[in-house]
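Quick heads-up: it's one chain on its own, the form predicted on its own, in C-alpha cells.
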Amino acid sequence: MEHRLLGKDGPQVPVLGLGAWPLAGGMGSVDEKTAISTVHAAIDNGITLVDTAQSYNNSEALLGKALKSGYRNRCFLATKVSRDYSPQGIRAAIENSLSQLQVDYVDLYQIHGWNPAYPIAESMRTMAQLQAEGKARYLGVSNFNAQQMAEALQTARFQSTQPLYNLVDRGIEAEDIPFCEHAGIGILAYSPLAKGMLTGKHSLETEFPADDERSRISLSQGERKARYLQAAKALDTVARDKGISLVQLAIAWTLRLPAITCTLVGAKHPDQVLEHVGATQVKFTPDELARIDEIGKGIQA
C-alpha cells in the first residue's frame, strides 16, 4: 500500500482509507459480524486509516468492538465532532467518541462541517486544547472551502481537510486544492464512487430501501442521479479497455493528484475492500487521462 504525507510535517497514511458511514447502516443495513469482518479486512490489506464521525449512527461503538485484539494499534483512527461546534459541544463529543471507540485518544479529530452559528475561532481554540491534552494527535476539518480553511488557520494549525471529490464532483480543483498545496494541508477525499452512483451497478429505475439514505438525498435523485449514471456508462468503456473495474477506475482517478493524500471509500463487505485495494495499483497514461477528462467535461456541460 502506497503511503503519502498528511499535510506539512504530518504522519504517513495509506492512500486508501475506510469510510465507516456505510458500515453503520447509512446506506442500508449491515449485520455486525459482516461489518467487523470488513474493518478487519481493510486493516489486514493495508487500509489502515479508518474514518468515522459522531453523527455516523452507531459506527463509533461498532469500531470500538472491531478494533480490539490489536487492530487499534494497527490503524490511524479518525473521527469528527458533528452539529454542535461550541466549546462545550466539542468537549462533550470527544469524550463520548473516546468512550464509544474504547480508546484514550484518536489520531485525527475533525470538525465535520462549517456552521456560521459557531465562531470558528472558538471552535478551533477548543480543538487545539484537546490536542494539547493528548486526546487527539492531529486536527482536521471537513467540508470547508478555501476561505473557511484560511479563517480557521488564523486560530489553530490543522493537518487535513475532508472534501467531496469524484469524477463528476470536481469543485475543489479550482481553489481548494491549490490552497491546500500552498498551506500544507492534506486532503482526505470522500465519496469517490458518489455513494455507488459511479459503480455501474445502478440505473434510473433503481429504488433504494427506506433505511438507505440514497432513498432521500439529492445525490441519488433526478437530474443529479442521471449525470452520475451517464458518467458511469461512458467511463465503464474506459475501464474495460484498461482491464480494470469501473470502481477501481473511479478510485484511482482521484489518486492521480499528489495533493490527494488519501481517498476514503466506504464498504459493506470484505469483498468490496479487496476490489478497492486493487485500485492502488492503477496508473493512467496521459491519453487515458485525457479521455476520462473529456468524458467528465461532457457530463458537466
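Numbering starts at 1 and runs along the sequence shown. It should be emphasised that the depicted structure is a prediction, and the values quoted were computed from it without experimental measurement.
The same protein also exists as the form predicted together with a small molecule; that form is not shown, yet it is the one meant from here on.
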item	value
Sole residue of Asn115, Asn143, Gln148, Gln230 within 4.5 Å of the small molecule in the predicted complex, by heavy atom	Asn143
Contact test in the predicted complex: Gln272 vs the small molecule, heavy atoms, 4.5 Å	yes
The small molecule contact in the predicted complex: Ser97, any heavy atom under 4.5 Å	no
Exercise: Gln162 in contact with the small molecule in the predicted complex, heavy atom 4.5 Å	yes
Gly186, heavy atom within 4.5 angstroms of the small molecule in the predicted complex	no
Per-stretch contact check against the small molecule in the predicted complex, the hit in 232 to 240, 49 to 57, 252 to 260, 33 to 41 (non-hydrogen atom, 4.5 angstroms)	49 to 57
Arg91, Lys135 and Tyr138 each touching the small molecule in the predicted complex (heavy atom, 4.5 Å)	no
